[in-house]
Structure formats: C-alpha cells, structure tokens
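Taking the form predicted alone, here's one chain by itself in structure tokens.
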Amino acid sequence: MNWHFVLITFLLIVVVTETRHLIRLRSLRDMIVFYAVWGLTLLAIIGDMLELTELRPLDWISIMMQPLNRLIS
C-alpha cells in the first residue's frame, strides 16, 4: 500500500472539514496559518513521492515564519 495516497486523502478531508470551521471563526490570521501549514505538508508529501531532496525542518520553519511575522506585526 502506498502511504502517500493515504496521507493526501487524509489532508483533503482535513482541509474540507477545517475550512468550514475557519469560515465560521472569521479569523484571517488563523486561515493564513492553517493553509500555510497545510500547503507545506502537502508539498512535503509530494516531494517525498517524487523523491526530491527535502529541506531540514528548521529551514522550512524559518522560511514560513518570515512572511508570517510581517503579516502579524
């Protein structure tokens, strides 16, 4: 069994269910953070499927935090 497709299916279910909750909250900041983390996770799974080299965890965290810090402050 290919775990990549199981994880992608799970991510699609999560994005559908959580989008409804985020719309009810009406918090743009929460939506931005959720979709950023969700997108990074999806890209990491696709990159692993294609056997691309991966970024170290601290690299992608710092890449994501720079624009988010500008949005929040």
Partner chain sequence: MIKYKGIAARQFFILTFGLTIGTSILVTPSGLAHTAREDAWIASLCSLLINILMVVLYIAIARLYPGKTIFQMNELVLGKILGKAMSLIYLFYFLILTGTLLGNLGFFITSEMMPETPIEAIQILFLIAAIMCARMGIIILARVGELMFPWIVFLFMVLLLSLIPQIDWNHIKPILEDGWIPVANAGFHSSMFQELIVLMVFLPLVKGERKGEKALLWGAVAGGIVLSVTVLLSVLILGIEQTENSTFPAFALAKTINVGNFFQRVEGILITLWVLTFFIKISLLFLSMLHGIKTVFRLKEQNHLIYPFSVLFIIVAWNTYINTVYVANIIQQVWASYAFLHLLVIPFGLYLIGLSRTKILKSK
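Just so it is clear, the model here is predicted, and its values are computed rather than measured. Only the largest set of C-alpha atoms that superpose within 1.5 Å between the two forms is called the rigid core. Positions refer to the first chain, counted from 1.
The same protein also exists as the form predicted in complex with the partner chain; that form is not shown, yet it is the one meant from here on.
Taking the partner from the other structure, the partner chain in the predicted complex has no heavy atom within 4.5 Å of any heavy atom of residue 71. The closest non-hydrogen atom of residue 16 lies beyond 4.5 Å of the partner chain in the predicted complex. At a distance threshold of 4.5 angstroms between non-hydrogen atoms, residue 25 is in contact with the partner chain in the predicted complex.
Contact annotation for residue 50: none of its heavy atoms lies within 4.5 Å of the partner chain in the predicted complex. Residues of 22-50 placing a heavy atom within 4.5 Å of the partner chain in the predicted complex, in sequence order: 22, 25, 26, 27, 29, 30, 33, 34, 37, 38, 40, 41, 44, 45, 48. If you fit the rigid core between this form and the one not shown, you'll see the Cα of residue 64 move by 2 angstroms or more.
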